[in-house]
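A single chain, nothing else alongside it, follows as structure tokens in the form predicted alone.
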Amino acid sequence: MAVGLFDSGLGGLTVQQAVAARLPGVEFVYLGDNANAPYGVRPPEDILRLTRAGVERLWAEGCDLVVLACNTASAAALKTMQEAGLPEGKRVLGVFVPLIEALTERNWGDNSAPRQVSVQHVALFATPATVASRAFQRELAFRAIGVDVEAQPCGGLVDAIEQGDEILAETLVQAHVAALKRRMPKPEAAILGCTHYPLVEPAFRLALGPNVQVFSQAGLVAEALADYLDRHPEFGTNGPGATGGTTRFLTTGDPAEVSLRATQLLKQPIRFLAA
């Protein structure tokens, strides 16, 4: 049985790389909804509709467990999908919680009451839709008290990253960090709340300075998924005909164009097929 990874575009490939390295015996299917990217500027109802369609496509590929490797989808769609009820034997996970567990120094799955934590001033960089959802603040409130979060919507950054425009991406990072620092001059920690942003993490670190702890998601999500599969091994067991340790890449966009952009971004060959 394969594990599905869904993203609006190419940012989720940062998560794919991390989970494939952490779980070399598991088969993955990655689906990028490149035809409809970016999600970060879409209204919530559009994000929900597109995310649900992507998850159902991965279910059709035999992925009973799907990870939304996209913060915007996790923020705008996950809670609604879970509350509406999932088909029997299906699970959908998001990427927010592992990040917040790391920030609040909790072990995986710790559901104890919220408590005081060492970091009090947190900068959140995310897409406009993720910021508008306030999903990060909502999940954080379940686990910590007294944390001041200043959120910066990073308009245009996902587009620049997907287009491979490094100069524009770095310029936008500098502008967004400067805008946030005008409101929160001395953040203690920064959350890169989009799976695209690890691709420009050095630019964030440079703009933020050496005294800000930067939390990025890919490795944290990989550890959380490994823990989940330890507790639910039925979702990571390869069935007849499956090949452990491989990833199939699917896209709703043009496979040749998406393959080229993915290869350029990650600097290794990646071949997408039509979804």
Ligand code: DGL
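In case it trips you up, residue 1 is the first one in the sequence shown, and so on. Just so you know, these numbers come straight off a predicted model, no measurement behind them.
Heads up, the form predicted in complex with this ligand isn't pictured, but that's what we're talking about next.
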Q. So which stretch, 84-92, 142-150, 187-195, 115-123, is the one near this ligand in the model of the complex (non-hydrogen atoms, 4.5 Å)?
A. 187-195
Q: Using a 4.5 Å heavy atom cut-off, state whether G32 contacts this ligand in the model of the complex.
A: no
Q: May I ask you to state whether G40 is within 4.5 Å of this ligand in the model of the complex, using heavy atom distances?
A: yes
Q. Taking heavy atoms and a 4.5 Å cut-off, does A77 contact this ligand in the model of the complex?
A. no
Q: Verify the contact flag for I161: yes if a non-hydrogen atom of it lies within 4.5 Å of a non-hydrogen atom of this ligand in the model of the complex, no if not.
A: no
